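A lone chain, given as structure tokens: the form predicted alone.
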């Protein structure tokens, strides 16, 4: 498979499930411990070797662009206060100059439409798509695992990350059919968006990480609106799968759906417990809270 150098981050959503917290702040900037949600996802892409980070934004999302830029007033204040370690820590997160691009999705027409809005920045090469609502916690990031596993695949291959869910919940997700297996990778026989339990081809669901060929953009450009009156990414992938191979990859690690309150809170707990600097004290606080609840 050809190298994957670019990644798309669709960050135009309204975050209505987190109102009023997201009334004036993008949901992608909600902190998981001490790093914004979008920063965790960009870190995963950077670890995988991504060189160009493309953000598809909307109204009131300027703070995301500011986050990935230098803040001279803050830097000067930290220098004056001799906070050199904090300043160095912040500078490590800054993208290389010229490696970020921002484009607008002017109407909320779905994930497929958001990806299509990045077409001029993507060109004619495979690209990664990372949904910022989803965090995958593992020492080796999900996207890096996918790229490693894809090295021997055909040049026109498409890959989606998948994971198991209980059969009773398949109607909430895009579900894939399982073909020939090669370790953690398998060929996908079909994809169904939010099927009933009886119609689901498996209990493996799409998990918010994709490596896609540029031909998908042409399909999205003429894609009719689907469920909810939106241009659905899964519909376009189903059409592309008629001419190009699709593979599912079962990654190592645990995913968190940070688009839901429970998933977001669980991510904060899990990421905090993985931090050696705060885990012991935090674990003690959790035990204290649970003890008070049980009482």
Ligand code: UTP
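Being a predicted model, the structure only gives us computed values, none of them experimental. Positions refer to the first chain, counted from 1.
The form predicted in complex with uridine 5'-triphosphate is left out here; the points below concern that form.
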Contact segment among 43 to 51, 244 to 252, 265 to 273, 27 to 35, judged by heavy atoms lying within 4.5 Å of uridine 5'-triphosphate in the predicted complex | 27 to 35
Which residue among 201, 214, 179, 108 has a heavy atom within 4.5 angstroms of uridine 5'-triphosphate in the predicted complex?
-> 108
Complete contact of 12, 114 and 132 with uridine 5'-triphosphate in the predicted complex (any heavy atom, 4.5 Å) = yes
Contact between residue 17 and uridine 5'-triphosphate in the predicted complex at 4.5 Å, heavy atoms?
-> yes
In the predicted complex: members of 170 to 196 within 4.5 Å of uridine 5'-triphosphate, any heavy atom | none
